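In structure tokens, one chain follows: the form predicted on its own.
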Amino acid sequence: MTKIACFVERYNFSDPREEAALQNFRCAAEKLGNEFQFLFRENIADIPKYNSVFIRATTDPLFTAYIVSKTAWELGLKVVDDPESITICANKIHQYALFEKFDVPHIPTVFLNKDELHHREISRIFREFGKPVVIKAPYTSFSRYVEKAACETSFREVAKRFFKKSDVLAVQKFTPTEFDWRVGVLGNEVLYVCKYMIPRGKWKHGAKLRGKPTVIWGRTVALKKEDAPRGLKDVALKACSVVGKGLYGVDIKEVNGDYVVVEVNDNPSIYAGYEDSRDKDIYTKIIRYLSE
């Protein structure tokens, strides 16, 4: 019997779809004869009592989840997500540099530092990528710190705001599509495949209503992983191979029949009735991975 701790925060239970998925993990663990307990931040001193740790709270090197991951890793426990994966996935600059080094197909990207925020460099980027471009701060999650700029004025405005968060930004070619592919990968194997549809009139899966804090999310359309294009899965696996061997969600755009990686995310969303709607065994596979 493996004792599995699932690190969560209170907000993980605020969405019924996520809460249902968490309960599905518990049921899968118990059916396989394992112990599965939810671990909250006030109980992290109990980590040594477990054999493995599964993190479902939002990961970030500055959050409690990272401390949990690092602690479990140093104790020799099986941990998902491991601290190295969190670090690489949190810093998109590092991640895109790895994509370039290992020839992972990805959206055309250049890096911009504070000293380069001038007319000549902005003009060069617009000549190379066209207008608009997408500007990203390195530490992004749930589509935050990702904005478009269609002129030098908006480029400077966005960049100056983002430079308060980071010394280096990523600037990418704007690549509009009706949906982004999301490929779930675990231990270098495809776990699930779905399409994250772009809301009508928007340009990314999670987009804010103008002038309001509300975020609109597009539909999630799941496919059986066996029916997904081979090339798509190959690109997803290659992208994950430069990050690690854990649990990832790879965002990919299909452009003229080619597949280019947007980013690799650790701690990917798993909501009951969404990512799991075609491949119901994802809970069992993750639990088995944690109990190996």
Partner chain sequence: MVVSNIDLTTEKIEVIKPSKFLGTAIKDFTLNLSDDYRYLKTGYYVSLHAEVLGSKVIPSCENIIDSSRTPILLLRAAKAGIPTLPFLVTDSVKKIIAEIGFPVAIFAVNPFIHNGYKTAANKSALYRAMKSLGMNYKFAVCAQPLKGEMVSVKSIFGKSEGDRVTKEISEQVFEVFKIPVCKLHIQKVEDKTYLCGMQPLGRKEISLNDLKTISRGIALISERGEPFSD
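Numbering follows the first chain given and starts at 1. None of the values given here were measured: they were computed from a predicted structure.
The following text describes the form predicted in complex with its partner chain, which does not appear among the structures shown.
**Student:** Indicate whether H94 is a 4.5 Å heavy atom neighbour of its partner chain in the model of the complex.
**Tutor:** Residue-level check for H94: yes, a contact with its partner chain.
**Student:** State yes or no: in the model of the complex, is some non-hydrogen atom of P61 no more than 4.5 angstroms from a non-hydrogen atom of its partner chain?
**Tutor:** Heavy-atom contact with its partner chain at 4.5 Å: present for P61.
**Student:** Please run the contact check for T175 against its partner chain in the model of the complex: heavy atoms, 4.5 angstroms, yes or no?
**Tutor:** Looking in the model of the complex, residue contacts with its partner chain do not include T175, since no heavy atom lies within 4.5 Å.
**Student:** So in the model of the complex, is its partner chain close enough to R120 to count as touching (4.5 Å, heavy atoms)?
**Tutor:** Output for R120 is no: heavy atoms all beyond 4.5 Å of its partner chain.
**Student:** Of the options T109, T71, S154, T220, which one has a non-hydrogen atom that comes within 4.5 Å of its partner chain in the model of the complex?
**Tutor:** Only one listed residue qualifies here, and that residue is T71.
**Student:** Consider the chain as shown here, without its partner, and state which of V171, V80, A90, A159 has a heavy atom within 4.5 Å of its partner chain in the model of the complex.
**Tutor:** Exactly one listed residue reaches within 4.5 Å, namely A90.
**Student:** Tell me which stretch of 36-44, 223-231, 236-244, 50-58 has a heavy atom within 4.5 angstroms of its partner chain in the model of the complex.
**Tutor:** Going through the listed ranges, the match is 36-44.
**Student:** Could you run down 160-191 and flag each residue that has a heavy atom within 4.5 Å of its partner chain in the model of the complex?
**Tutor:** Result: K164, K165, S166, D167, V168.
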